[in-house]
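The form predicted alone is given below as one chain in structure tokens.
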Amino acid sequence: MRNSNSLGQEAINKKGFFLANRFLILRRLSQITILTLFLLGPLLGIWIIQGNLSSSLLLDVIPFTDPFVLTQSMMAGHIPISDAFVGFAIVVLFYLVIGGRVFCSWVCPVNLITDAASWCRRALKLRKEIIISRQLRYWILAMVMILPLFTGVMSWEMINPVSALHRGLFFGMGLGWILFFIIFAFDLLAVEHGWCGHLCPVGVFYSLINRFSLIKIDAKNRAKCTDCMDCFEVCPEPQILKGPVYGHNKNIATLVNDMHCTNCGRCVDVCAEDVFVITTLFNANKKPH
């Protein structure tokens, strides 16, 4: 495992700092901008968008509804108003185009915490971790959806760190700090990419949408790969890169078409040989080479 100083250094030397970090920088700008837009109203009275990531209204006209939250609400027996379904359709259509798990890497504020833990883990050269199946998140998602049927309550929303962060920004963090510390410590000391890659039901839910998305990562230049492994080090779902990068002998296509890809673009950033490109499903390399 490389340390945080050498990881991506070859790409920086070859492409320059910005090109070797452009998608990381853009992701941070996206996450911070979204949080800022939600805070402008309560803090400064500038109501560009009202609400939170669960349900919001843009410019008093366009509704956005988190499909994950709406599905829980319906499972709990609540009938949403018509605007909620409109907001649901807008969000689902958006993620069908750009990729469902883009929510995890470009929107979700908890990603700031988990990425920080991942950076610290590399800097401290922590290799040992608890083995937890990535399939566990599917069982958690099933539980999150089934419990409301029996309780009539959206149980997950009581502990959802995304909701907790938004509540904390408006009303004070309180015990929310403990929740965020647990997530950070879990990713740092127990399991690399533990929260997002092994436990979080939100990411699994959006990955179901991601199966049909149009924007994809393509390892179209995998013949240039020098086996530096930087892409595997930075990818939150590194298991999805093995086939597209090393699948020439097994006749596996170069397209990273796995539903768990977050389209974070870090593999594109850190690759000094430009093995990866962001493309559309229509322009991707369909044939292995």
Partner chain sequence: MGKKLIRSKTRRQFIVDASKSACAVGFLGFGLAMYSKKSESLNTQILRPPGALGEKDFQSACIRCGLCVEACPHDMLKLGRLFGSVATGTPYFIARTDPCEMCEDIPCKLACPTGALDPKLDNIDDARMGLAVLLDQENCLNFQGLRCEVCYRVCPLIDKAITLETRRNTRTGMHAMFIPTVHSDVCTGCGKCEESCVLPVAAIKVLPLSVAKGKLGEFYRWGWKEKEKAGKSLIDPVLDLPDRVPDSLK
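Numbering follows the first chain given and starts at 1. Remember, predicted model here, so these are calculated numbers, not experimental data.
The form predicted together with its partner chain exists for this protein as well; it is not shown, and the discussion that follows is about that form.
Contact check for residue 197: no non-hydrogen atom falls within 4.5 Å of its partner chain in the predicted complex. Contact check for residue 221: every heavy atom lies farther than 4.5 Å from its partner chain in the predicted complex. Heavy atoms of residue 69 reach within 4.5 Å of its partner chain in the predicted complex, making it an interface residue.
In the predicted complex, none of the heavy atoms of residue 129 sits within 4.5 Å of a heavy atom of its partner chain. Residue 84 is the only one of 84, 188, 91, 110 with a heavy atom lying within 4.5 Å of its partner chain in the predicted complex. Just one of 119, 139, 212, 184 comes within 4.5 Å of its partner chain in the predicted complex, counting any heavy atom, and that one is 139.
Comment: 71-79 is the region of 204-212, 121-129, 71-79, 102-110 lying near its partner chain in the predicted complex, near meaning a non-hydrogen atom within 4.5 Å. Residues 242, 246, 247, 249, 250 are the ones in 236-250 with at least one heavy atom within 4.5 Å of its partner chain in the predicted complex, listed in sequence order.
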